[in-house]
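Coming up is one lone chain in structure tokens, specifically the form predicted alone.
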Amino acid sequence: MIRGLMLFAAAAALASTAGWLGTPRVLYRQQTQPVAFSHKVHNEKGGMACTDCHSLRADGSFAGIPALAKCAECHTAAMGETKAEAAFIADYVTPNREPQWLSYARQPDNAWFPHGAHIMRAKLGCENCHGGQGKSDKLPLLEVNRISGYSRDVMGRPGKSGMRMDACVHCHEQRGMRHACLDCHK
């Protein structure tokens, strides 16, 4: 009887551990960005700021990932000697073919995040929400939840809160701000 209970407990512990460790691998599919890109090189060597490439429209909404034309302003010919830059010019700039960038931040359709209000009115820097991404040497893998379709960057990676509503509410509370649901949910 005791031997049977011990075997059952060991099997249950083993199954729980396998599920705990295996579920993220099964739940998330991983994708790499189409171009090996270094924010660090553009920031440190190129002296560029986030807003040189990532801009706001006149209405304050975020324009998103820059179009190829923005990259081609500097990269019609190689500026450095890296294989990544040469491949980018050959594969995208020369044939005038837009890279199919993957989005880390696709929000639910009913959520609205106004970058303009946070950057212009609240005077927040990009690093307040995006951390050290502007100083990174390579882009992280995109991990997409196979069920919801949302990025792990939205849902939260282990040890990070992600771009979920609770992170927004926490930040607003820290700054003494209160809002109604319909301020962000349309």
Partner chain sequence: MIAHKDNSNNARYGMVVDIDRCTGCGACMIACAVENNVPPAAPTANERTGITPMRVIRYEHAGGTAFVPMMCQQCEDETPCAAVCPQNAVELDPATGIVGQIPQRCLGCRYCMAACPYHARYFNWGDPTWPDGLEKTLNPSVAPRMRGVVEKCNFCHGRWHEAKELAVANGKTGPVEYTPACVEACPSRAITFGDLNNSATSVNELAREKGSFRLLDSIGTAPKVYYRSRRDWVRAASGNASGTAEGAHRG
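Residue numbers count along the first chain shown, from 1. Here the structure is a predicted model, which is why all the values come from computation and not from measurement.
Separately, the form predicted together with its partner chain exists; it is not shown, and the next lines address it.
Among the residues S61, T32, T51, S148, the one placing a heavy atom within 4.5 Å of its partner chain in the predicted complex is S61. Among heavy atoms of Q100, none comes within 4.5 Å of its partner chain in the predicted complex. Using a 4.5 Å cutoff between non-hydrogen atoms, D109 counts as a contact of its partner chain in the predicted complex. Contact check for K45: no non-hydrogen atom falls within 4.5 Å of its partner chain in the predicted complex. Contact annotation: L182 falls within 4.5 Å of its partner chain in the predicted complex, judged by heavy atom distances. Checking 120-128, 64-72, 35-43, 134-142 against its partner chain in the predicted complex, the stretch whose residues place heavy atoms within 4.5 Å of it is 120-128.
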